[in-house]
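Consider the single chain below, provided in structure tokens and representing the form predicted alone.
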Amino acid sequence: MSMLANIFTAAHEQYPTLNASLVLLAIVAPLAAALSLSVAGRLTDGAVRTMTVVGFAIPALIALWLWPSYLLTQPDGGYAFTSRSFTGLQTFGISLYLGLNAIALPMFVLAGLTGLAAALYTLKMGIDRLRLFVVLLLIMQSGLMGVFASIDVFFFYFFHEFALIPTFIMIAIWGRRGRKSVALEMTIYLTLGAMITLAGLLLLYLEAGVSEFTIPALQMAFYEGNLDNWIYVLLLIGFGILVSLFPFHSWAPRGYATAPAPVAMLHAGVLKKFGLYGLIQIALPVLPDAAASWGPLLMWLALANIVVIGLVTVAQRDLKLMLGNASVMHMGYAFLGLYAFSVIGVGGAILMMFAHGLSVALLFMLADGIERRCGTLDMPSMGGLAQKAPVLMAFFVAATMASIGLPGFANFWGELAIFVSLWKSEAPWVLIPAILGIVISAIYGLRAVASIFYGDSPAQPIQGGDLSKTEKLAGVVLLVGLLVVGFWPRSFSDAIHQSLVDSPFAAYEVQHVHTFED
């Protein structure tokens, strides 16, 4: 370990701009691969597959390199690996200002790992018009890496929209039955959420009167004067729609159930975290008074996500609809972490976002594999798959246990930190329905395992065998991420804690009723 630490430290000291260039490369590489596939003439399937793997592997490898590099060189949790491009736009207060802090780092790693897994699975799907599908998926991946690497708020928002547009197109072309109406519903909901968010961000920029439209500049505005607290309401509604906060959640289950598996993996696993990430990086530290004032409302909405949507999840027969509703349900825990208004609660929400992203992406990938083998997503019509695909069953059970919050997986630490913060909040009774959500998760998760893998085999013969080598590799990429953070949560948590302690949010927290004593 010490030798590896020396390698990362020496590389940073000898080539101080290397990591900053790598952050930019993680955004550019998928886009360059997409453009190359678009303009190239006739290519063999092997060439398309090679360019696909390269386009997604580069961001993943960069994220894995920057993870320990950040921990070794930036112990205070602040921004590192920063660079500026398009500086001519600074006249308008914007530029392509990139970098990572302790809050952005887990999301950056999540985007890299999930993108690689989605690409590997895409190559085994036998999808029609593979080249066009991969081009759109690469564009989406470029936007995802840009979202969490952007310090400039304009480009933070721009990259989200850049990643969102291919999502609608891929669902409309390659989705399941009813794909066009689902794509239209998602377009309406997410465009509305994005426009409300944009209005809130622009009002915040104008109200703050800062010269740069960056996250640090907006956070400094908190120290310099009072900001209009109603801006927080716009941000909460706008970001809330994008995260599927109750009651703005109805687009998500149908959207994920209809989307091609790689699209569901990237959107449910990564892109949906944009809203929570924005609330944590921008709304909470810049408008803490408003966040505290609207905390009780957020609490009730988050509990509705957990309990109401949890019961809806239990009632599902369709496997992908069940996973779509479960994804909405688990976002409630992250919102409860924000409600608790403490360093440990917000830190738990960040860990929860990372862990949920990996586990839900793995579950959607496996659900698609189950559908292709059983010819249906109706769980009561399945059964006996364990005999035909034991490795598939092992991955599905592991992903289900991670989603429930079993110790050893990253989800456990996120949920535990959120539960501790709720116990220390002014309404500790909230812990009871929150724990009830764990019971609900266990019910629908274990029932799905029993229905799919055990019991009598269905009348329809199971098509195909176990997971292929490529599918196994995609699953391992996601599962290893869950296990590494599950067994070593401090690989993220120490830096996250320091970043939150040094933020304007923590300075306000000590005066608030939700104060948490470390």
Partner chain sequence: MLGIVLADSLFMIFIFWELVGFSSYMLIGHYLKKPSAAAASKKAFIVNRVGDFGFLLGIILTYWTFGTTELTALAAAVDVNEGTVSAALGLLLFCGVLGKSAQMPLHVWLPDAMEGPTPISALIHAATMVAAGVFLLARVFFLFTPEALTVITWVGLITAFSAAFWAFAQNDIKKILAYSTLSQLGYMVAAFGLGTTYGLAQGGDAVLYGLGAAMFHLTTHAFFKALMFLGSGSVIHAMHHEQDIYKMGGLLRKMPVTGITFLLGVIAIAGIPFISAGFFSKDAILFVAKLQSTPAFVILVITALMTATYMGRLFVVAFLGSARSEAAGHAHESPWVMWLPLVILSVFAVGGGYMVLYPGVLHGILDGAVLHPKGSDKLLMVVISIFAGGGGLLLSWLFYGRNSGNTDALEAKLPAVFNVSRSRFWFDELYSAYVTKVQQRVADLIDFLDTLFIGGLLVRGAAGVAGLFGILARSLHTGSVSAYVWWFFTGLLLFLAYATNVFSLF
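Residue numbers count along the first chain shown, from 1. Worth saying up front: this structure is predicted, and the values here are computed from it rather than measured.
Not pictured, yet referred to below: the form predicted in complex with the partner chain.
None of the heavy atoms of Ser293 is located within 4.5 Å of the partner chain in the predicted complex. Contact annotation: Gly278 falls outside 4.5 Å of the partner chain in the predicted complex, judged by heavy atom distances.
At the 4.5 Å threshold, heavy atoms of Val308 reach the partner chain in the predicted complex. With a 4.5 Å cutoff on heavy atoms, Gly375 does not count as touching the partner chain in the predicted complex; it lies far away. Heavy atoms within 4.5 Å of the partner chain in the predicted complex map, among the stretches 115-123, 69-77, 401-409, 229-237, onto 401-409 alone. Of the residues given (Ile282, Val397, Met299, Val135), Val397 alone sits with a heavy atom within 4.5 Å of the partner chain in the predicted complex. Checking Pro216, Gly93, Pro380, Pro247 for any heavy atom within 4.5 Å of the partner chain in the predicted complex turns up a single hit: Pro247. Not one of Glu161, Ile165 and Phe492 is positioned with any heavy atom within 4.5 Å of the partner chain in the predicted complex.
Applying a 4.5 Å heavy atom cutoff to the partner chain in the predicted complex picks out Val308, Ile309, Leu311, Val312, Val314, Ala315, Gln316 from 286-322, in order along the sequence.
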